[in-house]
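Let's start with one chain on its own, the form predicted on its own, as structure tokens.
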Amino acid sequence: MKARLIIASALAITAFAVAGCGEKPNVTIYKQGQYQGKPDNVPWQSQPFNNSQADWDKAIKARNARQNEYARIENQ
């Protein structure tokens, strides 16, 4: 009985030790002067603005105005 426990323990320790050895390091290889990600679009190319930078500017200014606490208090 004691021998089986020792053998089972040894097998479990060996299994855990071997399981940790199989991991490969993740290394990113960068190419000099080349961007490998997805291309970035300008913010106003999204659906609500339909490529109109003026509409995007108006939306940003309105959003900033709603975040001004002094202007919100005066209007109440």
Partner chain sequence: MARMKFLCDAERCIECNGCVTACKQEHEIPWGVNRRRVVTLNDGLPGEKSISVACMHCSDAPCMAVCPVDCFYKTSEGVVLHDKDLCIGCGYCFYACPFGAPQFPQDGAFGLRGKMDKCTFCAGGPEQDHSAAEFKKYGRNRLAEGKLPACAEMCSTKALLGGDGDVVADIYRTRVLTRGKGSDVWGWGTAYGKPETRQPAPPQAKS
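If you're wondering where the values come from, they're calculated on a predicted model, not measured in any experiment. Numbering follows the first chain given and starts at 1.
A second form of this protein, the form predicted in complex with the partner chain, is not displayed here; the remarks below concern that form.
K.L.:
Look up in the model of the complex whether Ser52 has a non-hydrogen atom within 4.5 angstroms of the partner chain, and give yes or no.
P.N.:
Result no; Ser52 lies far from the partner chain in the model of the complex.
K.L.:
Even though the partner isn't displayed, in the model of the complex is Asn64 close enough to the partner chain, meaning a heavy atom within 4.5 Å?
P.N.:
Flag for Asn64 set to yes.
K.L.:
So, in the model of the complex, is Ser9 in contact with the partner chain at a 4.5 angstroms heavy atom limit?
P.N.:
No, Ser9 is distant from the partner.
K.L.:
With a cut-off of 4.5 Å between heavy atoms, is Thr28 one of the residues that contacts the partner chain in the model of the complex?
P.N.:
Looking in the model of the complex, residue contacts with the partner chain do not include Thr28, since no heavy atom lies within 4.5 Å.
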